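Before any questions on how it binds or moves, here is one chain, the form predicted alone, in structure tokens.
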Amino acid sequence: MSFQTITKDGVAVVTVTNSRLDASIAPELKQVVSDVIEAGSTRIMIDLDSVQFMDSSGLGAVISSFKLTGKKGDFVICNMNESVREIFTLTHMDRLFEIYTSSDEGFARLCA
């Protein structure tokens, strides 16, 4: 499996365990986030610590996951390496998402 999901203090942490977030696993990310939301979570953190490469399909899956959360929830991203962060910067998605350098920072924001 390409994802690990844990819930801690009401925050669903979806960790991408694959080194690539691309077309091969993008639909799975959307499904995992959808399942988390259906289970009642409204605070979601996507942890990209293992991701070394992300293409437009991966970015699209993150955007779709954010949209699934909607205005009723909170959505943050953490642990991006420089090449993944560059994709967010080049597409100006860094303006849309709350991005944190560590999972501790993201978790603190969601628990505030």
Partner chain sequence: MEGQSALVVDNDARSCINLSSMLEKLGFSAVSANSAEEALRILETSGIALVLCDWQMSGMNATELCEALRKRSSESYIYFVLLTGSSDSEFISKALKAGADDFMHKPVDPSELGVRLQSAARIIELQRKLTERNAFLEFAYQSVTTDLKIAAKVQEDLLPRQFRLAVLDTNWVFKPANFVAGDMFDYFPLGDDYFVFYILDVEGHGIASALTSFAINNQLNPSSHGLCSRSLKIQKGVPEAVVDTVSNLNRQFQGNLNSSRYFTMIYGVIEVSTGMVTMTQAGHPAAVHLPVKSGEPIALGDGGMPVGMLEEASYSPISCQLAVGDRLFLYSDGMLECQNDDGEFYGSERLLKRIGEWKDLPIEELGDLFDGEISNWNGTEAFDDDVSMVILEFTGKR
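Residue numbers count along the first chain shown, from 1. A quick note: this is a predicted structure, and the numbers were derived from the prediction, not measured.
Missing here is the form predicted together with its partner chain; even so, the following discussion is about that form.
- With a 4.5 Å cutoff on heavy atoms, Gly60 counts as touching its partner chain in the model of the complex.
- Mapping the unseen interface onto this chain, Ile37 falls outside it, with no heavy atom inside 4.5 Å of its partner chain in the model of the complex.
- Remark: Ser102 does not count among the residues lining its partner chain in the model of the complex, judged by a heavy atom distance of 4.5 Å or less.
- Contact check for Met93: a heavy atom falls within 4.5 Å of its partner chain in the model of the complex.
- Although its partner chain is omitted here, in the model of the complex all of Arg20, Lys67 and Thr89 have a heavy atom within 4.5 Å of it.
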